[in-house]
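Take a look at this one chain, the form predicted alone, written out in structure tokens.
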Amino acid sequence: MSAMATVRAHAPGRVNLIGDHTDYTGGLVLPMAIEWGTTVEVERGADRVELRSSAKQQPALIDLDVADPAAVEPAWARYVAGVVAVLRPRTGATGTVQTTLPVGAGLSSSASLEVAVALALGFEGTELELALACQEAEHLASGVPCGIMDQLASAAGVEGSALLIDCTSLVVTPVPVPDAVEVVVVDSGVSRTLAGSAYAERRAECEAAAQLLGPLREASLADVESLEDHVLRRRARHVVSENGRVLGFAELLAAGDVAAAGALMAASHASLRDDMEVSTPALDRLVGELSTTPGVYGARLTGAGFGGCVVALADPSSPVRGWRLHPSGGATVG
């Protein structure tokens, strides 16, 4: 590819069907890449990275030797800067960013941007290596110690399937989504940002529990009950029980038992609300409304919480209003 080649990279967003606040503890998650995403089109060969977004007034102007991505302005450019800081490309690029993802809805707009930018700047490697690089970029950009789920779902999406990701081994197993069910995402109307939220606090609490019990991935609910600190006990109980729900949900989804899978989604939301304490009144109301809507099998908040969206499994004939999304393939470059 010549130094002045024009490159177009696309990376999908994701919705997480079940398994939140488990990835950073080495647990199990079940996201799916979606048809909405971010497209970055650039001409390589510049002396810095210059990107203009159709959704933002100010461009991202990033020097190749950027030292502190978190200090870059405007805020959206920090994710671009994080990728530049991790990849250290030999040449820059000039181009545009377009996205069909709603920002702040919990559909991984930042991970989608990172993956698309990395590919546009010439990243070469496996899907896992791409996800790990973009996870590091997110850490540098936002200061949020996120797990790998968002970036790996975007990089490794499989058409027609959700992804069962083991965040210890980083093995990805596609789980087909039955044609007879729809994944519906409903926005709570409360924008979500992890920077400034209690996300880092929740992660620290899970890590404190793990120091007492050992890896939470290997702990049992009986082990969890031995914790004397009631906050750590609740956080660990969520992680351990959620890992079990992810496995059960994947098996039920593959078997086409969407009613039983929906019941696990309801249990997941209750655990996120009560034990992890990351839900909001708006999310709880929305889950309650959806749970009584005809044709909805189950609903839960999706993503880290503190706002954003609810995801539901529904019959295609259900009157539920929301974004009806489909499992997409992963990131592409050309």
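What you see is a predicted model, and the numbers here were worked out from it, not measured in a lab. A residue's number is simply how far along the shown sequence it sits, counting from 1.
Unshown form predicted in complex with alpha-D-galactopyranose (GLA); subsequent notes refer to it.
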Task: Single option in 186, 158, 146, 258 placed near alpha-D-galactopyranose (GLA) in the model of the complex, where near means a heavy atom within 4.5 Å - done: 146
Open item on the list: Just to be sure I understand the contacts: of 303, 307, 298, 27, which is the one whose heavy atoms reach within 4.5 angstroms of alpha-D-galactopyranose (GLA) in the model of the complex?
Closed with: 303
Task: Stretch in contact in the model of the complex with alpha-D-galactopyranose (GLA), which is absent here, among 5-13, 322-330, 19-27, 309-317 (heavy atoms within 4.5 Å) - done: 19-27
Task: Partner proximity in the model of the complex: residue 199 to alpha-D-galactopyranose (GLA), non-hydrogen atom cutoff 4.5 Å - done: yes
